[in-house]
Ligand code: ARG
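Below sits a lone chain in structure tokens, taken as the form predicted alone.
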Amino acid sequence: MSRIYSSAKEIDFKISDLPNMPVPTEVLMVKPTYFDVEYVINPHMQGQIGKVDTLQAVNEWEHLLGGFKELGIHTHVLNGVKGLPDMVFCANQSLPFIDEEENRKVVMSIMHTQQRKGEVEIIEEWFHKNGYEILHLDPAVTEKFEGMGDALWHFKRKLLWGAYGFRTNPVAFQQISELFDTPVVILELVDEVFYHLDTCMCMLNEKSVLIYPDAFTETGLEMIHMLFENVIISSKYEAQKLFAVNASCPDGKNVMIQQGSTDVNKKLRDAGFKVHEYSTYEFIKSGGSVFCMKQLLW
């Protein structure tokens, strides 16, 4: 079913009513060969131009890649491209999907900033070579959409959570809902520090989610609490300075997260999750962490 939900009073389903979706078993990552902070397009980049320790960034990236391999997730690696330092954040250029007949599809992004527009065609070429059906939004309708930065699949269910406010137009989700024949719950983001949904919302499993609540409106929070039984809350410090909510839980039990997120990590362990800490300090300088640095695939 294709429908947009923007308030709790509109929600006419339970999560258990929705069709199942397989859990992604593969991951794409882009080498940080040319990663650096060369411009400012988000608040985290302020004062960071030229301050990335590129050798340390490579070490952090390789450690995270190894972490996905240790969880049994098949990894794909794409070379970075000179002049596109943020392509390493490869969650942003696309939104992959698998339908009931196991056809793999992907909607390509329309990036908000000129500095990142060139990344999309390179990622699209990779999807084409790997057998995905390539879909595009109508640019006459949607001016901007930043992939899984602002669109998160509910764990194991055919339901998309979408966000707008800074990098994505809300009309994008009407097109996506129709292309994928899927319901979309849309949330407004209200703090420019949390400019993507993946900075303030992390899907954990079918019943659990990690959020930074002050990034959302009361209307958005009401929908989140309505559809999740277990809502884990991050403090402002850990969400903003440590990107704790930009974590990844690819299998519903193992959470890969920036190291040092003490409070969130305790809450995750208390809820039964296994926590794996990674240093992504160099990437945080550019406004991204664990979730941004990969694209989960089927």
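Each residue number is its position in the shown sequence, starting from 1. Since this is a predicted model, take the numbers as computed values, not measurements.
The protein also exists as the form predicted together with the ligand; that form is not presented, and the subsequent description refers to it.
**Student:** Where, among 220-228, 169-177, 190-198, 130-138, do residues come within 4.5 Å of the ligand in the model of the complex by heavy atom distance?
**Tutor:** Only one stretch passes the 4.5 Å heavy-atom test: 190-198.
**Student:** Can you pick the one in 33, 254, 48, 42 that has a heavy atom within 4.5 Å of the ligand in the model of the complex?
**Tutor:** When the ligand is considered in the model of the complex, the option within 4.5 Å is 42.
**Student:** Applying a 4.5 Å heavy atom distance criterion, does residue 248 contact the ligand in the model of the complex?
**Tutor:** The answer is no: residue 248 has no heavy atom within 4.5 Å of the ligand.
**Student:** I'd like to know whether residue 89 contacts the ligand in the model of the complex, with contact meaning heavy atoms within 4.5 angstroms.
**Tutor:** Result yes; residue 89 sits at the interface with the ligand in the model of the complex.
**Student:** Could you confirm whether residue 280 comes within 4.5 Å of the ligand in the model of the complex, counting heavy atoms only?
**Tutor:** No.
**Student:** So in the model of the complex, does any heavy atom of residue 156 sit within 4.5 Å of the ligand?
**Tutor:** Judged by the heavy-atom cut-off of 4.5 Å, residue 156 is well away from the ligand in the model of the complex.
**Student:** Under the 4.5 Å heavy atom criterion, name the residues of 273-288 that approach the ligand in the model of the complex, in sequence order.
**Tutor:** Heavy-atom contacts to the ligand in the model of the complex: 286, 287, 288.
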